[in-house]
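Just the one chain here, the form predicted alone, laid out as structure tokens.
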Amino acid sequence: MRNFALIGAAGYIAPRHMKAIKDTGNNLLAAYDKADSVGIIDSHFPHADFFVEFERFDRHIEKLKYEKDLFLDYVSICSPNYLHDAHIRFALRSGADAICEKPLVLNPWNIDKLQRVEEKTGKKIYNILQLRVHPSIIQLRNKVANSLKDKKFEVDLTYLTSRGNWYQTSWKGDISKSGGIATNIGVHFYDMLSWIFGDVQDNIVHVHEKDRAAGYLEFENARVRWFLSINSEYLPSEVKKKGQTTFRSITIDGEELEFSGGFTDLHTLVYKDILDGYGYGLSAARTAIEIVHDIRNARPEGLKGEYHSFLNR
């Protein structure tokens, strides 16, 4: 049984980490979040200590080490994007490996600095890249690997996940903290695309606004038109009629990739890989971070070239 601490316990994604820690037979010693709406902990680790001040959380970890001879093996990080770098450093300085949500960091040079921290501490940093363990995505990657070397697949990626007014008021609406919409809700798709289709050859942004972003990415084996939005107005009418608030679609050469299900336990699969000595580290995270950094800093070109059809709506 390994010992875990969790940073960002009140966040949307934290329950998946709690479940993964429990499902893999491990123990959560302590959790931290400045917000105290964390009753979900009771469903997994009711005896875990909880703190709303980072300083007291930090002190508690030290007391466990020196007074009770309890050492952390891992720190799971679900905090806001702009804090990931600092919380990863805390984990490694505490003698633990870090398991961090996406995006690992906001800028490529942050990865370079974290590599030095890894080397200095001898600890590892892992990123949650759960789409890489999704059966449908693995099957697609194998199909691409077995295709003609110079084949370019035509891909359209659409991801709509409705958010209310609270989104722009929270840290997620602050581009300096979240990295913007392409980073906050799109980074795992960019990782998936590069993992399947190879190196990036072109990265064009058509639109990048608070509630939507769209562009064109060309990889070794794919030409990708992508569209992301948190605005429910872009939901297809048939989705709205069903009362659904999320729509995701990936078509490859006109054929829909079915991957709507199978998301529930992906975090647990990622945790199992990490605990078995595998998992995805800094080098695996780099390409997606470079993609979102370039999108964030690009000048949108508007409706010209290879743009997504949803931009015509």
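Note that the coordinates shown come from a computational prediction; the quantities given were computed from them, not determined experimentally. Don't overthink the numbering: it's just position in the shown sequence, from 1.
Omitted here: the form predicted together with a small molecule. The next part is about that form.
- Note on contacts: among I181, C78, L106, A96, the single residue with a heavy atom within 4.5 Å of the small molecule in the predicted bound form is C78.
- For the candidate spot formed by I7, A10 and L83, every residue has a non-hydrogen atom within 4.5 angstroms of the small molecule in the predicted bound form.
- The small molecule in the predicted bound form comes within 4.5 Å of no heavy atom belonging to Y280.
- At a distance threshold of 4.5 angstroms between non-hydrogen atoms, K34 is in contact with the small molecule in the predicted bound form.
- Heavy atoms of Q130 reach within 4.5 Å of the small molecule in the predicted bound form, making it an interface residue.
- A residue is said to contact a partner when one of its heavy atoms sits within 4.5 Å of a partner heavy atom; R89 fails this definition for the small molecule in the predicted bound form, lying far away.
- Heavy atoms within 4.5 Å of the small molecule in the predicted bound form are found in exactly one of 167-175, 140-148, 236-244, 192-200, that being 167-175.
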